[in-house]
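This document opens with one chain alone, in structure tokens, the form predicted on its own.
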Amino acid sequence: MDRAKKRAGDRSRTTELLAALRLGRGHMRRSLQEALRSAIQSGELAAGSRLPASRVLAAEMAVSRGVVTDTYDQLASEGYLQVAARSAPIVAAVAQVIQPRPEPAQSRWPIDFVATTPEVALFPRHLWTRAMERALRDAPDATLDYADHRGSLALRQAVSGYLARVRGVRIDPARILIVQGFTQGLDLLCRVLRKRGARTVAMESPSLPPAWSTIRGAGLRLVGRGVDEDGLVVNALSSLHADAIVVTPAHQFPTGAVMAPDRRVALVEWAARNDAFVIEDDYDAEFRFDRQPVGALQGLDPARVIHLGTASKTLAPGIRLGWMSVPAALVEDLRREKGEADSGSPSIDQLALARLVADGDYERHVAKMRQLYRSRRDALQRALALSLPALPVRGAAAGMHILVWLPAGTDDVAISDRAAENGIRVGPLSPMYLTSPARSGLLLGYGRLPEEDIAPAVRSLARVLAAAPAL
């Protein structure tokens, strides 16, 4: 193909690409720029292609020549075109990117026993909307600027009062840090502790594996310590040589055990004796159904126990707001680490949550959800007694899940996989162990199951278990 034919082909190709483009008044330059840029990025206009002269393209597009020359100049400045005096532009070589396949929409499980997520469908949208509107209306301009990396003072004050009243936490707002959930709080703590000389962090076994990755990702060695029906086994804890330990004393996850009083005292004494810290994950203590929840461990020793709580279980994980009550010695280090991580959590969201807490709407919503989860737990226990009477159920009457123990030697991972093939999401226990031997069990959450669906869901799970060889 000679040069004349190639130029004609390039011009025809460009005209075809732009023929369907509608250039609105006031947006002609932007529309033309976007069309040509996209065609070059996608490879529709190949590198080396010669575009029509500005006069020619202007006539074909029925726009002023200035629109075209401005477009060519802009794309040349961005590196998409090569322009020489008295010559039509040439398309520059641009790296091609393979377009990813469209992500499939997240589908709901027909039966969802997820143990870590609340009923997000009941998130109080009207209360949150009202709180956000009031926060936006009343917030001073300074709220929209970079601010104290510890978080909004209004939220820290509201959380301080709430924690003192509901969880027995002894804390000054100056020692509260607002974070984007438990994972960020743990990550910040691990990074600060490592910079202060820490090398090893312990966790309960079993516990949530994602937290293991957070600890290891901060460059710390991870060790495990077993739990029983009275929570963390504290004796011989010193043999782990840990600088900190992560615990869930109010409602151990995933076994559901509540830490016994003597162990709570012994754990705090261990921390003081070994110059260590206890990281208390108080993830769902508000949801105790048979009695008042035990107070936070932090109340026994605010200088050694770091209390973490979030709105993930009480409101919704998507809120991405949590709080840490920290010893005075760690405040400045954590403030600095938080600033380096993200320059602070969203300010308007913090003010909205502060409003919910201060007005009592937060506690009223928690009380409503407590009743809902209690009814669902009762329904789940009744269904298990009818459909799976041989399997023991363990754990305090609290939270959003039940643990069902399986016979020794049962492959709970295989059962979980088989359940998934039948549209049932259920979590196996054994992968949550840091120490040996690992026990087999299934975590049955009721945060996502309407009460009327629980009995049929358990019957479906029972059919899967009936086909398991070890059962």
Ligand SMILES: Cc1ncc(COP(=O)(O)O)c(C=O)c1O
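Residue numbers here begin at 1 and follow the sequence given. Since the structure is predicted, the reported quantities are computational estimates derived from the model, not experimental observations.
Keep in mind the form predicted together with this ligand is missing from the figure; the text below concerns it.
Contact between Pro293 and this ligand in the model of the complex is not found at the 4.5 Å heavy atom cutoff. For the chain shown alone, Leu208 is a contact residue for this ligand in the model of the complex, at least one non-hydrogen atom being within 4.5 angstroms. Phe287 falls outside the set of residues with a heavy atom inside 4.5 Å of this ligand in the model of the complex.
Heavy atoms of Gly181 reach within 4.5 Å of this ligand in the model of the complex, making it an interface residue.
Lys313 is the sole member of Arg225, Arg175, Arg264, Lys313 with a non-hydrogen atom lying within 4.5 angstroms of this ligand in the model of the complex.
For the options Phe113, Phe253, Tyr362, Phe277, the residue carrying a heavy atom within 4.5 angstroms of this ligand in the model of the complex is Phe253. Comparing 181-189, 167-175, 364-372, 138-146 against this ligand in the model of the complex, the single stretch with non-hydrogen atoms within 4.5 angstroms of it is 181-189. Taking this ligand as positioned in the model of the complex, the residues of 257-293 that bring a heavy atom within 4.5 Å of it are, in sequence order, Asp281, Tyr283.
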